[in-house]
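Only one chain comes next, encoded as structure tokens, the form predicted on its own.
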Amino acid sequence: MAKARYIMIGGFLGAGKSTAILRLAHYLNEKGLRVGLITNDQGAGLVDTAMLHSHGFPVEEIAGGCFCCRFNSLVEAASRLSKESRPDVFIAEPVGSCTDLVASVSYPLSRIYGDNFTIAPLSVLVDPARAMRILGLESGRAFSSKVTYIYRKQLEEADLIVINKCDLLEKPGLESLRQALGSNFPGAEVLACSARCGTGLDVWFQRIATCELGGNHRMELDYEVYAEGEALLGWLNCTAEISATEAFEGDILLTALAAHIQGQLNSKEIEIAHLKMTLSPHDESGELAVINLVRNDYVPELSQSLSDPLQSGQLILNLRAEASPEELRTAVIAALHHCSEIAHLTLTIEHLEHFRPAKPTPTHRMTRIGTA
């Protein structure tokens, strides 16, 4: 029996992982390979899961902790997908604030389940604007030092650093970022693409489809600083039912909600890591509207739109920012209340959780393949 391929695509919150994973899944499908997807979050109710499901791919969601802390759940999710759809390739999207993935996920998979999987090199995606600020190439609002520590550690352990959204950069800026990443993280190959536009993907996809994980990653990581950095991030997941007596424009509602939340957080100088929402109508269309905001000084972007107005539907909202969970809750509740009043909507919150991530405690940690 042929081994399945395990591909993990990391990167900080807002790097565009889900869009890239969707592109990769379609690319592999077109080559005749069955694909199973595994999403991951500290909480429950993920936009990414809903978005990937809407494209017809089998998806398993692991909630309540990152892959490193829920390693057994990751293996169980792969087993369920194997029984249901027998994937040739598993694509896993870890939590955007997670690092140490090679030592705590890739190497244990290779050592313990090497008869079942071949392991692809670890790809880490970057949003170019965020990366340029963290590397000192541009000015602008940035994260605090302990959150930045996590960001840099993600890049340090990467086999492939992928500059995503390269369509947003002029050629000189892209080249400066390439050089800075190569200089700061010499152990990685630096590639560039635009998952949104579909450009520059072939070289990257060929690498992760054919190359093998290296066997000697030795990244030093201070788990206390890592935990403190994660604890500075507020996490909020919300699911709500929305209805109206007359049909309304779902795309306009999502745009208004995102702008209202953005304005409130900007007024408090709270740095947004990622705000994303989906709206799915309660009809048989199977459509889904998706909107993303990846930093404070950017415009919310609709990556999927609805063809027609709707009269009722489900909203899923995920917000991550460097702020207290209570501040995020206040901003989200205020935005939901404001937009529902303006649009004359009835809105019922079915699920709302807001918290700081717990200290990461990996199930396994190996500094190289075959050693604990």
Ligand SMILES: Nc1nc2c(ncn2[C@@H]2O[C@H](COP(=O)(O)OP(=O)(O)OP(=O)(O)O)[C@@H](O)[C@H]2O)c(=O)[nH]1
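Numbering starts at 1 and runs along the sequence shown. These figures come from a predicted structure and were not determined experimentally.
What comes next is about the form predicted together with this ligand, which does not appear here.
Three residues, Ser110, Asp159 and Arg365; all within 4.5 Å of this ligand in the predicted bound form via heavy atoms?
Not a single listed residue reaches this ligand in the predicted bound form, so no.
Contact between Leu168 and this ligand in the predicted bound form at 4.5 Å, heavy atoms?
Yes.
Within 4.5 Å, heavy atoms only: does Glu230 come near this ligand in the predicted bound form?
Because no heavy atom of Glu230 falls inside 4.5 Å of this ligand in the predicted bound form, the answer is no.
Using the partner position in the predicted bound form, report whether Thr148 sits within 4.5 Å of this ligand, counting heavy atoms only.
Judged by the heavy-atom cut-off of 4.5 Å, Thr148 is well away from this ligand in the predicted bound form.
Touches this ligand in the predicted bound form: Ser54 (any heavy atom, 4.5 Å):
No, Ser54 sits far enough from this ligand in the predicted bound form that none of its heavy atoms falls within 4.5 Å.
Just to confirm the contact call: exactly one of 177-185, 82-90, 289-297, 114-122 touches this ligand in the predicted bound form at a 4.5 Å heavy atom cutoff, so which is it?
It is 289-297 that comes within 4.5 Å of the partner.
Please identify the residue among Arg207, His260, Arg196, Arg133 with any heavy atom within 4.5 Å of this ligand in the predicted bound form.
Contact residue from the list: Arg196.
Judged by heavy atom distances of 4.5 Å or less, which residues of 293-330 approach this ligand in the predicted bound form?
Counting only heavy atoms within 4.5 Å of this ligand in the predicted bound form, the contacting residues of 293-330 are Val294, Glu301, Ser303.
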